[in-house]
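In the block that follows, a single chain appears as structure tokens, in the form predicted alone.
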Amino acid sequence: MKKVRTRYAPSPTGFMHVGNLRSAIFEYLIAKHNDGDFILRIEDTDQARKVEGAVEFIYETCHLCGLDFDEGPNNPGAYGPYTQSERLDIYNKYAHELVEKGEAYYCFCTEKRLEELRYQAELEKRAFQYDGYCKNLTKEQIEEKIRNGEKYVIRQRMPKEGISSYEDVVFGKIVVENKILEDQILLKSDGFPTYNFANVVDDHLMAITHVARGNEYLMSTPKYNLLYDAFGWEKPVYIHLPMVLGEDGQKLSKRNGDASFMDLYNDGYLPEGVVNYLVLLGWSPEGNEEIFTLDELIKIFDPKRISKSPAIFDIKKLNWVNAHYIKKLSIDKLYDITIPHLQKAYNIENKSEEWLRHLISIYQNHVSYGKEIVSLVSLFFNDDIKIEGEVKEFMESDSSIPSTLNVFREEIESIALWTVDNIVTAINNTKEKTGAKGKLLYMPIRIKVSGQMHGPELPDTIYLLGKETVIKRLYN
């Protein structure tokens, strides 16, 4: 049985947005579930869109997410080079081989002629398709044009009758009428291959057995299969993935400024949380469990459970998943991912590391990502709090509340040593002296000192606010 080999083949055009990363995760899981290899190939044939440093971001993103490559530009194996711009001689060789077989032809049409054809197609309200003008040139005509230095591309000779079909793991049998298949360009006039051609050549030469990619390629795959047939090569297993849409229903895109993994990472999301969430975008396990480690996913991943329907990137669901991982962090790790955001948002120079660690620890069960702590802890850095709306209504809902707060203030004022235990004692003494308990004891105190109806442990909140601030707020 052939060893399973998948490839992640990004273009180095910027940060990896979450749709790209999900594709990489699925490809990794397909390979590793079958004890196979996961390959990185850099598709940089579109040199105009290449972004400096993008390849390094791909390495870093995948490494952070635990998606380590068995082969790639930074870890070469037997199938290199792994960067397409270093493989131009290979594409040139195979493109000319197709010409010799009669499966492709030289096209000398100028851009002006092609523009006229596009304009005519617009006028006739039909999709533009190259008319095959050069496919019947004689050998002598071709040789003369080449001698004259005329620029040319190499186009694939497509069948114009009948149908092409193939089986996709997710979408089943796909059938396309050959008449809609354009004689696509394989090799451009600058010697660079098109995406479609380079992909097929590389996937074959790199022994790729399973191709997982977005379902926007579903209807163009017959073009790839015709190339496999022309060369007499074995076709890979196709797994077309549903699109990932934003909450606005539009496809996620780097060009549209949609969230990249690095945006999420810099905001304090955990790589394992992001990976876990992205797997659930368009794929479902057999049971109801939704929290999985990468090793667990490798064991259970089945591409047949990938959905045909588009998946919506839901930030609330991501937060829910990520919060599971936040809760399991050590305080040291939680400190590392939250402190940069606190430093940026507030002046913490007069706060000790012990105080900051205590603050961060009491919010561990309240934050879903690192940066979120900034909005949650504002009461510790803002002098003024406002009691209004629902909070004010509660404070006016029972006539016993003012006296309960007066007793609590007296208990706080009498504390000599400011500790959490002594604050607990003050709360308990207030309960005994006033008879207040439950909601009518804890909530008025929390509201008066923090302006909030809910939050972390009340004694810890009071301790971190400090005696002076608490007494001041109880008097207001």
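These numbers were taken from a predicted model, which means no experiment stands behind them. The numbering used is simple: start at 1 and walk along the sequence shown.
If you look for the form predicted together with a small molecule, you will not find it shown, but the lines that follow are about it.
With the partner left out here, the small molecule still marks one of 161 to 169, 148 to 156, 389 to 397, 209 to 217 in the predicted complex; by a 4.5 Å heavy atom cut-off that stretch is 209 to 217. Proximity of Ala9 to the small molecule in the predicted complex falls within the 4.5 Å heavy atom cutoff. Proximity of Tyr195 to the small molecule in the predicted complex falls within the 4.5 Å heavy atom cutoff. Among residues of the shown chain, Glu43 is one whose heavy atoms approach the small molecule to within 4.5 Å in the predicted complex.
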